[in-house]
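Encoded as structure tokens, the following chain is the form predicted on its own, with no partner shown.
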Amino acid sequence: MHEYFIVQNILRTIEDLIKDYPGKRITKAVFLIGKFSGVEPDLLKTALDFFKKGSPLEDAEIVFELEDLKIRCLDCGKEAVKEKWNMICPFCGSLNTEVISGEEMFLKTLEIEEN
């Protein structure tokens, strides 16, 4: 379960970030998860709920936003959202494409307030 290691990194990152805001607490954390990132949101939520006890995220609302796979064709210049892992441009049929989004996972926002 690689979600455990992801949670460890999330908590370490947030602990480092919150050091810059003494006397504040995190009320909400929003994570962006690409549908093709390899991260299973349900497993991540379960692991995060378990391991956040005693961390700055302990009482925070956790929100996951899922990001579709989006590609750009380098031949025709058009962008497309893909439901399956398929790199073929639906407009011109080219394989000369690049991923714009949908493979990433990152902390999008933190909301903090006074303790």
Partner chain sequence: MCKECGCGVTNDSDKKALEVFEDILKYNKFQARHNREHFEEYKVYAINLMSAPGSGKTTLLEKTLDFLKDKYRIGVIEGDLETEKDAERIRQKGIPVYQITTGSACHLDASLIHKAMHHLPLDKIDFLFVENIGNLVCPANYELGTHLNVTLLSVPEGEDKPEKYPLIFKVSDVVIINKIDLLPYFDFNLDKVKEDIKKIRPDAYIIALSAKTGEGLDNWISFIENKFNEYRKKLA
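Since we're looking at a predicted model, the values are computed, not measured. Numbering follows the first chain given and starts at 1.
The same protein has a further form, the form predicted together with its partner chain, not shown here; the description that follows concerns it.
**Q** With a cut-off of 4.5 Å between heavy atoms, is Ser37 one of the residues that contacts its partner chain in the predicted bound form?
**A** Yes.
**Q** Would Phe91 count as a contact of its partner chain in the predicted bound form, using a 4.5 angstroms cut-off between non-hydrogen atoms?
**A** Heavy-atom contact with its partner chain at 4.5 Å: absent for Phe91.
**Q** Does Ser101 reach its partner chain in the predicted bound form, with heavy atoms at most 4.5 Å apart?
**A** Answer no; every heavy atom of Ser101 is more than 4.5 Å from its partner chain in the predicted bound form.
**Q** In the predicted bound form, does Leu32 come within 4.5 Å of its partner chain, counting heavy atoms only?
**A** Leu32: contacts its partner chain in the predicted bound form.
**Q** Using a 4.5 Å cut-off on any heavy atom, which residues of 74 to 111 would contact its partner chain in the predicted bound form?
**A** Those in contact are Lys84, Trp85, Asn86, Met87, Ile88, Leu95, Val99, Glu103, Met105, Phe106, Leu107, Lys108, Thr109, Leu110, Glu111.
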